[in-house]
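Before any questions on how it binds or moves, here is one chain, the form predicted on its own, in structure tokens.
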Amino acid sequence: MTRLAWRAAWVAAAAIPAAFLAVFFAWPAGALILRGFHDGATWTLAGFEAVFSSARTWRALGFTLASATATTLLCLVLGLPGAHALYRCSFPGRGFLRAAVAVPFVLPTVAVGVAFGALLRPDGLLGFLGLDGSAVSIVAAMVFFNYSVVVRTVGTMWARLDPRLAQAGTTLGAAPLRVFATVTLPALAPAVLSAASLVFLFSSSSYGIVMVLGQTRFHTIETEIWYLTTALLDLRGAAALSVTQLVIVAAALWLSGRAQSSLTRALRLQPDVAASRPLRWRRDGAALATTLAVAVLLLGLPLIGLAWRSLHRDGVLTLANYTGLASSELPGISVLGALGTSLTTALAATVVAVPLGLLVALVASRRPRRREGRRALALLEAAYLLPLGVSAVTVGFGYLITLNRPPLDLRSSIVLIPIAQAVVALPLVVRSLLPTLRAIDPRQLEAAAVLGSTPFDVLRRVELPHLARGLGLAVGFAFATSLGEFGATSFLARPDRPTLPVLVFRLFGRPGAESYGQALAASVLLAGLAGITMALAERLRPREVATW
């Protein structure tokens, strides 16, 4: 293959996922933004004026920012001791504890909301606290979901910090708290900011949690978009809110990126050294005790409570909620049918997202010699990862207003659901595969080329075998994310063919102990499938893939 043909092949490899995102992400998102500023005849801000003249909108905006900020701060306060205990100390059971704290992140948000609802309702294990239907319950569920983001992101950097600076501070007589505040914490600042921005992003788009626990009292921008679209059919107002959400997310990511960039330059002065020391109770006991308390009370108790409540109906221990799922007792709703739809769409989304993610990872891992080439690849990678910063609700809403007429009239087609789920899963697939490719020693590639291997031979014999090591995690991420996806799917699922998360939400909103019990049982089923999928994927995770 000539050099020109080889370059053409790379351009084609980049164009395929770019075309997919252009049609199924950029076009709907662009149309959504246009709908917010254009009424079909003239440019106008009437949609914004109408939406922001409502006190309900300002309450939703305020609650979105307040709950996401509170969740971010709590995750940092609780997550930093967890990062220290699980990544700086070695002790029996550390691997199990690391895996256990990571499980909540892959659970569907609807199942998380149902779990906290069962725990805090008046007859729940923590019902005596009186937090049912409160803002505290929503923030607690968001912390449950995002805790592992801080632990994993900060912990992986903490494990590689050069310990000599902290040791020097201790030798000079500084107290441990002062060493942490003046030496360790500044060095960890880029990872802390990265984790904080991700938690803020995920919290401000915790659609399923707020829909289940909000109980019509608390609203976020995402739930308001759903309300304006489905209840009031106010598409222009919903578009204005979607644009507002995009602005908030973009501003948060930009501020975080600027801060990380300035702090990372200072961090380059320190070498990366893998360090893990034996646990010493006097030094590490407080961090480990905090981590164990979080793992048991915040992470374990809601899941245990969910499983326990699903085995009860009217105060009696029974399997009726599970047998009810199999017999489809509720009229017009087939739980097994919803499970089949979820598995089918998640599998289809995985089939779409993984090959596209593989192409993106291969293209983004190139090593151009020219600075312009490296900058172009960086921009290309950022464009491919852009769906990670856009709410799934925005994606689903965009489909409703663009893919409902020729040339792509998919309004009644079920293929919209796996496509939307693939758009959501694609950035996670890329982030799973790219570190493995970048970890390949450049000297290995250069040696193969010097020995006469063609670029295709280098790709086939060196890069693809490395890439195959990360496929298990990528497939697991794509399948688990698609299985629990609720934001876009709630807009796109047909009433007669809901997915399991949509059905759980419907069952949770129906009156009666039978519906509530089946919602609990279906949530356990959904959480179990997602958890088992990610547990299997984690076993196949390459060491190079340490963060999301």
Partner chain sequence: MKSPIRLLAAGLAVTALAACGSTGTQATTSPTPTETDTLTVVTHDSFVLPQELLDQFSEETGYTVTYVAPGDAGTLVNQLILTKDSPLGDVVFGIDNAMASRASREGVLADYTSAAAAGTDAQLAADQLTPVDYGDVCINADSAWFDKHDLTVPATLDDLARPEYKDLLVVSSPATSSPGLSFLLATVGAKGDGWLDYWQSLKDNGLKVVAGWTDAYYTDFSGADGKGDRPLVLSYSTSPAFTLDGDTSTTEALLDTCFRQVEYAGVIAGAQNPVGAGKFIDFLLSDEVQSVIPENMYMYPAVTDTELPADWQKFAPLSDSPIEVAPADIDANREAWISQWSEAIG
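The structure presented is a predicted model; accordingly, all values stated were derived computationally and were not measured. Residue numbers count along the first chain shown, from 1.
The protein also exists as the form predicted in complex with its partner chain; that form is not presented, and the subsequent description refers to it.
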### Query
Does the trio 340, 424 and 438 actually contact its partner chain in the predicted bound form, every residue with a heavy atom within 4.5 Å?
no
### Task
Would you mind picking out the stretch of 425-433, 457-465, 397-405, 370-378 that comes within 4.5 angstroms of its partner chain in the predicted bound form, counting non-hydrogen atoms?
397-405
### Query
Should residue 299 be classed as touching its partner chain in the predicted bound form when contacts are defined as heavy atoms within 4.5 Å?
no
### Task
Consider residue 227 of the chain shown here, and say whether it contacts its partner chain in the predicted bound form, taking contact as heavy atoms within 4.5 Å.
yes
### Message
Check residue 508 for me: does it contact its partner chain in the predicted bound form (non-hydrogen atoms, 4.5 angstroms)?
### Response
yes
### Query
According to a 4.5 angstroms non-hydrogen atom cut-off, is residue 44 in contact with its partner chain in the predicted bound form?
no
### Task
Using heavy atoms only and a 4.5 Å cut-off, determine which of 419, 101, 473, 139 is in contact with its partner chain in the predicted bound form.
419
## Note on the structure
Checking 233, 449, 181, 286 against its partner chain in the predicted bound form, the residue with a non-hydrogen atom inside 4.5 angstroms turns out to be 233
### Query
Can you name the residues of 42-59 that have a heavy atom within 4.5 Å of its partner chain in the predicted bound form?
54, 56
